[in-house]
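Okay, so here's just one chain, in structure tokens, the form predicted on its own.
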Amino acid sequence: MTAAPARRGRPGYDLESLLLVAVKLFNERGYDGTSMEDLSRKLGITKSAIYHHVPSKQELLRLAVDRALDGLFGVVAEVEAQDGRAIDRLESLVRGSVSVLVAQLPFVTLLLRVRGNTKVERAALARRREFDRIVTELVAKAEAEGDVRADVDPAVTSRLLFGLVNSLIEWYRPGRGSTGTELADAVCKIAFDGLRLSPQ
């Protein structure tokens, strides 16, 4: 007769699964409104088990916002390696950013909600400003090349363009309706049909 297998206790968490639960709680309650005690209760593990993976709540936040930012700057690197007109590179940047948002929705949502209350948040906001600067420069180049209307300030165009992209976090839900590619097509159609100058 074979012995019954030993009963296993509650499964442990690795860093990735811990991070996913933390980001979900941060998005639901706000980063400031979530304690390590809340996280411990949600996971069903002790706080010391969490500290086995990360030294602090702030480190969870850093890992989360860096995942979103690293994805966006990965798209920037791809776009900067491309040749061709600035308008086409700008469209590639928008498409890639929508893809990152769809693939990393909870992480991008958290990034867009940070307010600069902690050192980690201020560092994330500084990287976001760098991203905005890159977008603005691309818009200005596209304008200089005669592909984008010149009657709107490039910084305003950049903010409006990414305001449209970032609004997806408010209503997009994976598995319901449009795919990431369809969303990118829709954003680019609405944005670039209005931005591009018609051939004379």
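Since we're looking at a predicted model, the values are computed, not measured. All residue numbers refer to positions in the sequence shown, first residue = 1.
The form predicted in complex with a further copy of the same chain exists for this protein as well; it is not shown, and the discussion that follows is about that form.
Not one of 89, 100 and 179 is positioned with any heavy atom within 4.5 Å of a further copy of the same chain in the predicted bound form. Contact with a further copy of the same chain in the predicted bound form, judged as any non-hydrogen atom within 4.5 angstroms, is confined among 64 to 72, 165 to 173, 34 to 42, 50 to 58 to 165 to 173.
Exactly one listed residue, out of 115, 119, 129, 85, brings a non-hydrogen atom to within 4.5 Å of a further copy of the same chain in the predicted bound form: 115.
Residue contact with a further copy of the same chain in the predicted bound form: residue 133 places no heavy atom within 4.5 Å of it. Contact annotation for residue 190: at least one heavy atom lies within 4.5 Å of a further copy of the same chain in the predicted bound form. Under a 4.5 angstroms non-hydrogen atom cutoff, a further copy of the same chain in the predicted bound form lacks residue 21 among its neighbouring residues. When a further copy of the same chain is considered in the predicted bound form, residue 144 lies well away from it, no heavy atom lying within 4.5 Å.
Residues 146, 147, 148, 149, 151, 152, 156, 157, 159, 160, 161, 163, 164 of 137 to 164 are found to place at least one heavy atom within 4.5 Å of a further copy of the same chain in the predicted bound form.
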